[in-house]
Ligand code: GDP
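The chain below stands alone and is given in structure tokens; this is the form predicted on its own.
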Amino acid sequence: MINLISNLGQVTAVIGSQWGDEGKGKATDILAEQFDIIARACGGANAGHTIVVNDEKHVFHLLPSGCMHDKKIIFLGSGMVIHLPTLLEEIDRLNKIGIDIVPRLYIANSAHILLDFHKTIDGALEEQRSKKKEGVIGTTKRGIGPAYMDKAERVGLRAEGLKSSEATLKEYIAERAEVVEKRYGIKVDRKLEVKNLIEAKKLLGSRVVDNGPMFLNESLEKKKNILVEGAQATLLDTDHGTYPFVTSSSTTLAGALQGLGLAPSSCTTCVGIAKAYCTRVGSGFFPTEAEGETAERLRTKGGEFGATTGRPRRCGWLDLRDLQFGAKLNGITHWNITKIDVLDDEEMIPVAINEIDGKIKYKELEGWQSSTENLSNYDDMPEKAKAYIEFIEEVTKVPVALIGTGQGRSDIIIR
């Protein structure tokens, strides 16, 4: 196991470096055993982090992937927008396999609650965009944008509301429903919204901490180590991504620390996650996108269908300019290059390295055309696969510490 902790009381972050779906969940699950607290910082159930344990697939949308490790504290940060029925569903699924997470689950009081009407608004807005020249964004329709809109408008309901009386919650829903129905022309199911809040209040009201940042910082002072699982990825960041085809939160390391209330100096290690090729869900810029049979070959071999939406992902080649950008923006100290095995059958592998006069310039690397699947030792990798990894290190000037060779926990090379 790679040791990312040199001292007690440290923070390590796992941050996606492309357009998401890079494999952050598996990296978090593998690294989690070294840490005391596993935290999600931003975003909501638009995340779909998949891990495979004992040949069984588990997908988490709100809980961090490290939650399956016994005794680890699980923390949901202030930067999140939490759909309570989804969270309760994930908790229930864990209960069914013998994992009771509630006693070790903590929710920042200032995290926002995503209500069902936010999802209805999201769908309505996408429908409106489809009729315009610019077209749709390609959101997951999980209500993320509208929930953050309420947050920015300062009318959102925060997790601390789960400590309020039932009467107070009913009053809030009644007031917001009236505004939402008038503004968007949709119907709000008031009874359902209140029911969801009351159900969550019973189980989770006592798990809301009064001051999330102080909880985490006091944990650091007690020499606890924190692992931060990023959601979405750098190129979907609302400030630094391929706007307007981005998510509604900050997906960088800085955004994650802000979402948790941790100082920049607290983070000593940042693991950047990147596929050995590249994918994207939804609309937007994708200069290395493959077409036709090539795209379908990568999609089929990589199982490239959204964990959240089930939509087929757009597939293409690795763009090292993106990794260079992500490394600088996030201060990445180590790479985890995932799904190297998907490229096993390729004869030649183009990698984007530059753009001249509007045309992408590629470096053609020879494929290894032999299996890397399930390998766990770097010395066992084909020489041309090693050359591919080392070319990434050379261009980005960041070492590759982890290499994914399959879906399972053990399908990884640690250097």
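Predicted model only: the values in this text are computed from it and were never measured. Numbers for residues come from their place in the sequence shown, where the first is 1.
Not on display, but discussed next: the form predicted together with the named molecule.
For a quick test of understanding: in the predicted complex, does each of G25, D341 and T405 have a heavy atom within 4.5 Å of the named molecule? Yes.
Looking at H240, R176, R313, K119, which has any heavy atom no more than 4.5 Å from the named molecule in the predicted complex? Spelling it out, the residue with a heavy atom inside the cut-off is R313.
Is P350 close to the named molecule in the predicted complex, meaning a heavy atom pair under 4.5 Å apart or at it? Heavy-atom contact with the named molecule at 4.5 Å: absent for P350.
Among 42 to 50, 353 to 361, 66 to 74, 381 to 389, which stretch has residues with heavy atoms no more than 4.5 Å from the named molecule in the predicted complex? So the stretch in question is 42 to 50.
For the heavy atom contacts within 4.5 Å of the named molecule in the predicted complex, list the residues of 237 to 260 involved, in sequence order. Contacting residues: none.
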